[in-house]
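The data below hold one chain only, encoded as structure tokens and taken in the form predicted on its own.
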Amino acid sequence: MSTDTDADAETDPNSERAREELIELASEFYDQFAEGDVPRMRIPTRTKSNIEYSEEKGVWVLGDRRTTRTAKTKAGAQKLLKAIYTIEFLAQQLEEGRSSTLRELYYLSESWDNEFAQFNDQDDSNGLIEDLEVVSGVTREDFHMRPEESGATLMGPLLLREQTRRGEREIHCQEDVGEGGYQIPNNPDTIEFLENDAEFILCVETGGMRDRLVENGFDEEHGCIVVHLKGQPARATRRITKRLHGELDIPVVVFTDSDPWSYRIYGSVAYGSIKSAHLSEYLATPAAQFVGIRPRDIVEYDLPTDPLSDSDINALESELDDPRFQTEFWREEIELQLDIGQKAEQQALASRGLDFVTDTYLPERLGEMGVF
């Protein structure tokens, strides 16, 4: 490891804070041992029953319930042992200025000298990283932990500066990238926004629709940053969307298929997800609006459809009670979809021509919403 890399790690305030928080957590275990107490760790309960929708913040948040992980039981002791080994690994990783993937952490544990510290599967290791996030108040990105793969991209009139292992580089997200766009890094907090001419951000669920918009020059014609969500969006995708909105005051709209699972993709961008409720204020953009495809579009444009499955129907009925969808707009749309019994993909708009989505559908909808 070069001294330059070590120096970079030492001067990164987020990495330094992450390491300090991890060492402080380990110190608490040591102090408990020294005082003759049974080691323990208090963790907010991350179950659905302890997730609350905050009307004030407009996002999902953790409730007040806590659970105590203690070495009094074999299972509890083993989880604390795994936590100690993981803390040691992460602290060393940060000190050396290195990073690893969540998958690598799982396999790496196979080399640990205590078999009881090894993870049973990747869900086990992923869960522990989430525990450490909640307890320390530090994100896994600042632990230098990466997902195995994301690959989400953006395209639009935005100049940014990115920190890389080869130094800083400035990138214009239209002029300096190919048709695939700018790939969003695992930790968007390493990006500095320099200049932009963006009028709005359009988060798009599918790759096919993202490609159609770029091929038709929608981003250039309308000053639009097109963010490809790749289905349920990764944390990095939601984080950069929130930063673009919050720091540059750019409106955000979300464009998905017309089915209950796609509505939840919108909900994840706007209000956060139950799984990452401890990070909702860091990831969610409550001001994000839904542009479509709406159930009423299926009727008005006579779009090609597929019938709702039983699981679709159950999900829609569940969304009628979901606090994220408690508006007149969503109630009318969901009830209409249950009535017609159909769902449609974004690409169904191509039944009216390849240019219909960029020349007619989006301009009309965005105009109605006041985005244009």
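Please read all numbers here as calculations on a predicted model, not as lab measurements. When you see a residue number, it is the position in the sequence shown, counting from 1.
The protein also exists as the form predicted together with another copy of the chain; that form is not presented, and the subsequent description refers to it.
- Interface residue among 107, 261, 301, 282, judged by heavy atoms within 4.5 Å of another copy of the chain in the predicted bound form: 107.
- Between the options 88, 124, 297, 211, the residue in contact with another copy of the chain in the predicted bound form by a heavy atom within 4.5 angstroms is 211.
- Shown alone here, residue 162 lies within 4.5 Å of another copy of the chain in the predicted bound form, counting heavy atoms only.
- A residue is said to contact a partner when one of its heavy atoms sits within 4.5 Å of a partner heavy atom; residue 217 meets this definition for another copy of the chain in the predicted bound form.
- Contact annotation: residue 13 falls outside 4.5 Å of another copy of the chain in the predicted bound form, judged by heavy atom distances.
- Shown alone here, residue 78 lies farther than 4.5 Å from another copy of the chain in the predicted bound form, counting heavy atoms only.
- Annotation: in the predicted bound form, residues 314, 337 and 341 none come within 4.5 Å of another copy of the chain through any heavy atom.
- Checking 263 to 271, 192 to 200, 92 to 100, 235 to 243 against another copy of the chain in the predicted bound form, the stretch whose residues place heavy atoms within 4.5 Å of it is 92 to 100.
- Along 164 to 191, these residues reach a heavy atom to within 4.5 Å of another copy of the chain in the predicted bound form: 164, 165, 166, 169, 171, 174, 175, 176, 177, 178, 179, 180, 181, 183, 186.
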